[in-house]
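The data below hold one chain only, encoded as structure tokens and taken in the form predicted on its own.
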């Protein structure tokens, strides 16, 4: 722990550590309530994980649904979240989250100028399979954001993400055929928007928040200023020791510190330990080093967890040579959501509905107690020329040569299996079983295409079953997959209903708050829904900002 310095380099009321949705939401609210705020960010750009992501916020019965005449209710939303939690959520935290999320979202529209859009036609993950799930409208995205309005901050934010096509709104993506028909999108319009820095998805959403904080409210932000330690006095957090321009940079926080720096995606040792995996990679910017665990642990903060088996972890790959901020860029593999592709284990067998990651993620962690192995890890993506004629692989469009370092190719499934090191007999049996019903759009083994969410997002709507087609046209292709996280970790700092970090002995630590992915997901429990991470970051940032300003 850092001792109290003889003098502070900077004094303020609130120190927001990080610059994603959680930190900036807390900063905006605290500033609106009359407190001085400073933002400290490790990375060279503002925006955190949201600025690199899909930019969805999941809010049941939100005001934009009502404006469109889409019916929903708080009760239905609560039932859905209770289903997601699988009994692992803290009831008080879930109640606080759901009781405040709509107020937080509306506040950011009315006070911070965020232009929300309800995403029509994109169902909840489990619609229509469970009570409380909805057919569409609970997801919120944002209108296009004009990057030039950021002024000096324009070049200090993420203008686009390598994971999501830039300059496109959800409704346009669906009108153009979805991710499966990306080759048919309006690239003239997309190119024009890119040249004009018209931002969408995560970069667009984060830009609204950064403009509200740094431009409209003139909250100072210090980039490339990693916080290394919390400064305490008599058990209270009173500031931080950061590093700036090669030296210590002590910042006094008269009201407190809010930690919103994500989790441990790029701390492989912590990730392997906490997530119970044999390998770990991330699609996030390479600045999530588990500093929340380290700094919180140093002052006695409790670490809490939810089960890792059904959060937001995918399998994907790194295209040779692709990097993000100087480190390999890992892409989540959505290819199994379209026809003519499957995923198999080392025995060459299918083991899941490949189009729905909520199904395959849990099955990946299956444990064989007789062999002491996880038989479905690592999986392999298998597809044929039907697939190559129609769909991309990552950034490679149909007709482009695929890198040999990434993709194995063979004229027969047996030859492909031998190259990939998987059971050849098993792969042949799998295709012999899969192909006949697949020609009719059927998957009797795993019901692929039965989740409306995956059909809408990644399916090819020109098919009888948008997610199913046979693999019967040589040559055949295979890609070895690795785990790819998107920042939703199972372990984090334990917090209370005020967003305040809890000590190992059970009391709240004065002056210390954690929000977003730095805080354990005890408000969500044992499951996940796209957009809920961004929702909880904004909501707990809103709550913590009020607490830090003394208005909770």
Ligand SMILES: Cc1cc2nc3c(=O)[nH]c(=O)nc-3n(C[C@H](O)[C@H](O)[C@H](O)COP(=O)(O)OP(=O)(O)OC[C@H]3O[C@@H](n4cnc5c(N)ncnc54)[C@H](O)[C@@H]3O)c2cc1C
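Numbering follows the first chain given and starts at 1. The structure presented is a predicted model; accordingly, all values stated were derived computationally and were not measured.
Quick note: we don't show the form predicted in complex with the named molecule, though the next part is all about it.
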Three-residue site 256, 296 and 547 fully in contact with the named molecule in the predicted complex at 4.5 Å by heavy atom: no
Partner-free chain; cross-checking the named molecule in the predicted complex, the single residue of 227, 108, 457, 97 with a heavy atom within 4.5 Å is 227
Contact with the named molecule in the predicted complex, heavy atom within 4.5 Å, among 53, 492, 527, 60 goes to 53
TL;DR on 62 to 70, 494 to 502, 39 to 47, 26 to 34: the one with heavy atoms within 4.5 Å of the named molecule in the predicted complex is 39 to 47
Check your understanding: Taking the shortest heavy atom distance, is residue 163 within 4.5 Å of the named molecule in the predicted complex?
Key -> yes
Next on the checklist: Although the partner isn't part of this model, could you tell me whether residue 104 comes within 4.5 Å of the named molecule in the predicted complex, counting any heavy atom of the residue?
Outcome noted: no
- Message: residue 488 versus the named molecule, in the predicted complex: is there a non-hydrogen atom within 4.5 Å?
- Response: yes
- Query: If you check in the predicted complex, is residue 261 within 4.5 Å of the named molecule, heavy atoms only?
  - Reply: yes
Taking the named molecule in the predicted complex and a 4.5 Å non-hydrogen atom cutoff, the residues of 519 to 547 making contact are 528, 530, 531, 532, 533, 534, 537
